[in-house]
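Shown here is one chain on its own, the form predicted on its own, set out as structure tokens.
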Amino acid sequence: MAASGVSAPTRTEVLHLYRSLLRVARQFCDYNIREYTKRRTVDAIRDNKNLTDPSQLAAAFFDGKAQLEVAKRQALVYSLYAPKVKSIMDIIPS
């Protein structure tokens, strides 16, 4: 069987994508969306950590890259319409 020509991402590339997704998640001003994005990122990494087929790894990696671009756009849009009052979850008790 011939190789499909799709190379699997390296561990470094996957970790970079993971950190980038978490970094973008921090940019959301709404607590619920921020936590949802973090939770979805962690869940996706956990779900895909046992993949061994290079084509499946590459597909999951490129899906993650696409999700990163969507999250960046959404963070920008949400920042344009940020609420004037902080959420109760964002207020740190003194």
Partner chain sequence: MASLAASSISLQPRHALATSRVSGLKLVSFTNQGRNSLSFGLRPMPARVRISCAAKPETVDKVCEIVRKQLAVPSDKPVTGESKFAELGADSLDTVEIVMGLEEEFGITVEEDNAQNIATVLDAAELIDKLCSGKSA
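Note that the structure is a prediction, hence the values are computed from the model and not measured. Numbering follows the first chain given and starts at 1.
Although it is not shown, the form predicted together with the partner chain is what the next lines describe.
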Picking from 51, 42, 29, 59, the single residue whose non-hydrogen atoms come within 4.5 angstroms of the partner chain in the model of the complex is 42
Discussion item. With a cut-off of 4.5 Å between heavy atoms, is residue 19 one of the residues that contacts the partner chain in the model of the complex?
Written reply: yes
Checklist line | Contact test in the model of the complex: residue 76 vs the partner chain, heavy atoms, 4.5 Å | finding: no
query: Does any heavy atom of residue 10 come within 4.5 Å of a heavy atom of the partner chain in the model of the complex?
result: no
Looking in the model of the complex, any heavy atom of residue 38 within 4.5 Å of the partner chain? yes
